[in-house]
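Read the single chain below, which is given as structure tokens and is the form predicted on its own.
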């Protein structure tokens, strides 16, 4: 990996160099009821609208790679025959400017599922391969537990990662494209003193985490506590609304519907993201529901994140961003649920 140092004021020049493409980054989206600023990812046309000091966005960058609703293909009846049209939607390059480590790690986890050898998703893969990602260092919010999930730092999945160190940035370069762009900035090689300052900055960040999850032997404990009464307690609180999956950066479950015009001249196949907490998630033809209770659906959501994915990929699907707990209308948070399963409620 190549490390470069440049003045913090040069980040605007970097933005302008990348603005030949569509840039998506964190912007202000109003105020929370408690007075705090709300941020979310959106298209950014002016550098002054880019808020690199944001805490956490409402949604993740996943929405641009794995949109909530997407046309898989359309059909038109022409010349006495059906014609199929497929558009992967990857014709426009995107630059993602300012992604935190947890969100980059989330995309890396999605890659393992949606770009793996078993069932690769060409729609996701086409978008993912046509992106330039600029990561940015962050400070933990009260609901962040990414350090517990090993997602507070990132080794790959980006082109350029920027760590703010006083009045300068340390840039980690992971692609040839990023290297050639940095050639147009005033940069210098990182010195030993820069390395020491980087370690100090990382240590200060770790000391600011106030939320944590004990993941030691978690998969074994989940197996042991599969029939625990705590699942019913949390299930009774769950509203089965699916909000957690909507804001989660790693949820990827979906359903497919086929829509046909009444005159049979046009049809389309549509993919829509779904949530395992919704009441009909496990309902099959004939009306039987394999998971009719909210407690069962909530439990399987946690087992997928912290048990099933670990078995398949040797890492948790959760990155500890804390969005689900912030958005949950019933105030259900991952740290509290895991602590109760372990029998270590505070």
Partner chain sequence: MKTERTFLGVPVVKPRVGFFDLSSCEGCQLQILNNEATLLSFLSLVEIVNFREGMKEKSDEYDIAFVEGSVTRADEEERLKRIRENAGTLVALGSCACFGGVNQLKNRFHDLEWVKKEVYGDFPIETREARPISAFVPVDLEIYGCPIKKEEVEKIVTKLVLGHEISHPNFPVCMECKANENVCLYDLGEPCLGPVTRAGCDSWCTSNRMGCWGCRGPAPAANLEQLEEIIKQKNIPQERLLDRLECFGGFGEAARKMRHRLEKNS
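Residue numbers count along the first chain shown, from 1. Note that the structure is a prediction, hence the values are computed from the model and not measured.
Although it is not shown, the form predicted in complex with its partner chain is what the next lines describe.
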Which one of 170, 185, 238, 173 is close to its partner chain in the predicted complex, taking close to mean a heavy atom within 4.5 Å? 238
Which of 153, 163, 243, 141 has a heavy atom within 4.5 Å of its partner chain in the predicted complex? 243
Its partner chain in the predicted complex: contacting segment from 143-151, 98-106, 243-251, 185-193, heavy atom within 4.5 Å: 243-251
Can you work out whether its partner chain is within 4.5 angstroms of a heavy atom in all three of 58, 259 and 330 in the predicted complex? yes
4.5 angstroms heavy atom contact with its partner chain in the predicted complex for residue 209: no
Indicate whether its partner chain has at least one heavy atom within 4.5 Å of a heavy atom of residue 273 in the predicted complex. yes
Would residue 40 count as a contact of its partner chain in the predicted complex, using a 4.5 angstroms cut-off between non-hydrogen atoms? yes
At the 4.5 Å heavy atom threshold, is residue 80 in contact with its partner chain in the predicted complex? yes
With its partner chain taken in the predicted complex, which residues across 277-291 come within 4.5 angstroms through any non-hydrogen atom? 278, 279, 280
